[in-house]
Ligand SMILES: NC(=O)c1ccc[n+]([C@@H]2O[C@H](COP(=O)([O-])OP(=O)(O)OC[C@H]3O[C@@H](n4cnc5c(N)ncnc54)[C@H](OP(=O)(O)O)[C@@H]3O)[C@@H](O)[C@H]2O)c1
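One chain comes next, on its own, written out as structure tokens in the form predicted alone.
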Amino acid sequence: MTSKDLVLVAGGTGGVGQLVVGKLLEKGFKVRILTRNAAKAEEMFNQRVEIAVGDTRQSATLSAAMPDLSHIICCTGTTAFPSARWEFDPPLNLIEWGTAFVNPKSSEAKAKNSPARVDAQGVSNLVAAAPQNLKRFVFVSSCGILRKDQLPFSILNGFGVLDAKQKGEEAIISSGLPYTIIRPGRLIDGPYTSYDLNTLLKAKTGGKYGVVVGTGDRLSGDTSRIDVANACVECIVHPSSSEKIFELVNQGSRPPVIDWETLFSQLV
């Protein structure tokens, strides 16, 4: 890390993203947030970050966020199943909600914030807009990408969230940019609502389990959002994590300090 390093966090006001921002500030990085809601970001981060207004779903809005970046950490996402976060336009009535669960394609057409638009198209747009001299593109994906035909991932992918995340991964890998892709398990540990900056800077996992990483999409289990955020930030500190795709879950006993360099160096 140098004093010139500037990290763009996409999805920086979300559950993992806001923790990423707190960890970056704690380590002395300069941070820029890509957000659709500047007022929310300003309040959350106490004016300690740069704010770029843009929407990954709309490629024309992204160029203003790109100057002078050294890294991008993408924590964008939506719910795996239809919800208000899908931003239906117009809003669904009760009959349409029922139809959506029987016929996913019927809901997809009306949703502005579906997995296909956020995790596939949005990530692809962000990759296309990224500076070619970027030091690292970090993407928070999901366990189960390679096990979509197996339970419980076949259920999780009922509305295409794993398909969409895989398309996002493929866009990153084929871009030629240096990258790290993190595939967490089921996310646990808050925040479930927006925290203030002081709380984010002090966030510690309440879990008693250690951090386990693996490749080949063979791990399953719960993953602390705080550990995902730590991994995102540690990735850009440790060169050994470059060009790696790995799963991240919480298992076993937790040591006093997580040795990220050892974890990353064992990945093949």
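All residue numbers refer to positions in the sequence shown, first residue = 1. Given the structure is predicted, the values throughout are model-derived calculations rather than measurements.
What comes next is about the form predicted in complex with this ligand, which does not appear here.
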Among 22 to 30, 234 to 242, 47 to 55, 63 to 71, the region lying within 4.5 Å of this ligand in the predicted bound form by heavy atom distance: 47 to 55
4.5 Å heavy atom contact with this ligand in the predicted bound form for all of T13, V140 and L187: yes
Heavy atom of Q121 within 4.5 Å of this ligand in the predicted bound form: no
Interface membership of R85, this ligand in the predicted bound form, 4.5 Å heavy atom rule: yes
Partner proximity in the predicted bound form: N113 to this ligand, non-hydrogen atom cutoff 4.5 Å: yes
Contact test in the predicted bound form: G77 vs this ligand, heavy atoms, 4.5 Å: yes
